[in-house]
Ligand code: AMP
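In the block that follows, a single chain appears as structure tokens, in the form predicted on its own.
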Amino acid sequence: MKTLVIGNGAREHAIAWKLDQSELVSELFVAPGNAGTAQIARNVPIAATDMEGLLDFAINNGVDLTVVGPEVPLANGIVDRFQSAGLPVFGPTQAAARIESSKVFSKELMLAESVPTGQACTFSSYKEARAYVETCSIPTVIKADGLAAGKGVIVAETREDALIAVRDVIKARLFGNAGNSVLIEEFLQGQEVSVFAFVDGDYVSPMVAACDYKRVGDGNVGPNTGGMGSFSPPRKDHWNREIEARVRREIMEPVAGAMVRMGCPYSGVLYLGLMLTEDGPKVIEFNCRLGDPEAQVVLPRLKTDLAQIMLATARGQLRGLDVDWGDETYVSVVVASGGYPGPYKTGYAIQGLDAIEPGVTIFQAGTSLSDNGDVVTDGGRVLTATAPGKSLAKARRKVYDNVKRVRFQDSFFRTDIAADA
């Protein structure tokens, strides 16, 4: 079948890479894609947010399945638009995508279903939010209600930091309309784990877990980013059959069932940000798509044909399919532009892509092709190197042996991914 992947990040490169391995896929398009997806698919110069342009392309080119990678088009209702045109599409509807696009919606759903999560209060008034912060427990977590490119969550270690965060979100509108409301949430302590499942209504597939690193600097210092590296699977004491069964029973299946009853059944990948606290697993957040950089370590573990899974989910037939995650270990490291997550420059030539060992995969993100065909930087997170290993230590050693071979002006990466696992 002809398949269209929407997006241009390393997550979308990983999705396209996996779909390219399927015997079901006869032709692969990525819109808009990057220099990496251009090696395995036909890039289409249509923005991920250009809903009508993407729909016209799918119709005119006989696309049999469209896969939506990033959250913004999902929140904007692209799945609803494709479905109304009778086109198979993988991803949640706009109403179901609220589980990520509105932190308030997600929190209210969890509390109504007694899903374990941190307590929180919601404010749209700066004055009221400030008054609450003056007396709440510290540290605390400030969350912009809407989408903020993975940067709308501030962990405030001091009351002064919390007051600044509330001002930035509500008053200064640092995240635009995402800050129309703000969640001030209980700070949860423990091991953080990202959990993924394919969901089709009230059916939740076998799950897979990974650990990622959100802070920009070694030792988890500096501002939050979209993610600087990851590994999968987590340690056995952080993710095992007992924990998976509890998460399924107490979190994933109640949430999926609640969304069916609410009239917005979930279809697609459901991403659970989990904290393993002393009181048991608690939800930090839900996302309505695969994570990045987690996709780069979990998709290589998938044994079942991804195209088959996505087509079955789009057709409402996932329940009859066996989703099999392998036991292999993978570690990924993100290489970023100097200055990220703040201002950075682009257009630098990338060297060393041809020096990577067999078995190590480079998933490109912020890249493009120059007029003379060179791969150049075109974003903050430029690429992700992913390596397998028979153990976490071996996978970590392999990925770092290779990631240091990739260079461009002002590039940097964290040197401690998976070192503490």
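The first residue of the sequence shown is number 1, and the count goes up from there. The structure presented is a predicted model; accordingly, all values stated were derived computationally and were not measured.
Another form, the form predicted together with ligand AMP, is not on view; read the next lines as being about it.
- Here the chain stands by itself, but in the predicted complex one stretch of 284 to 292, 242 to 250, 328 to 336, 127 to 135, 284 to 292, has heavy atoms within 4.5 Å of ligand AMP.
- F187 is the sole member of F105, Y348, Y344, F187 with a non-hydrogen atom within 4.5 Å of ligand AMP in the predicted complex.
- Only one of V216, I164, A75, V153 lies close to ligand AMP in the predicted complex, with a heavy atom inside 4.5 Å, and it is V153.
- Among heavy atoms of D168, none comes within 4.5 Å of ligand AMP in the predicted complex.
- Interface membership of L299, defined by any non-hydrogen atom within 4.5 Å of ligand AMP in the predicted complex, is ruled out.
- The closest heavy atom approach of L174 to ligand AMP in the predicted complex falls outside 4.5 Å.
- In the predicted complex, ligand AMP lies within 4.5 Å of some heavy atom of M275.
- Along 133 to 147, a non-hydrogen atom within 4.5 Å of ligand AMP in the predicted complex is carried by V141, K143, in order along the sequence.
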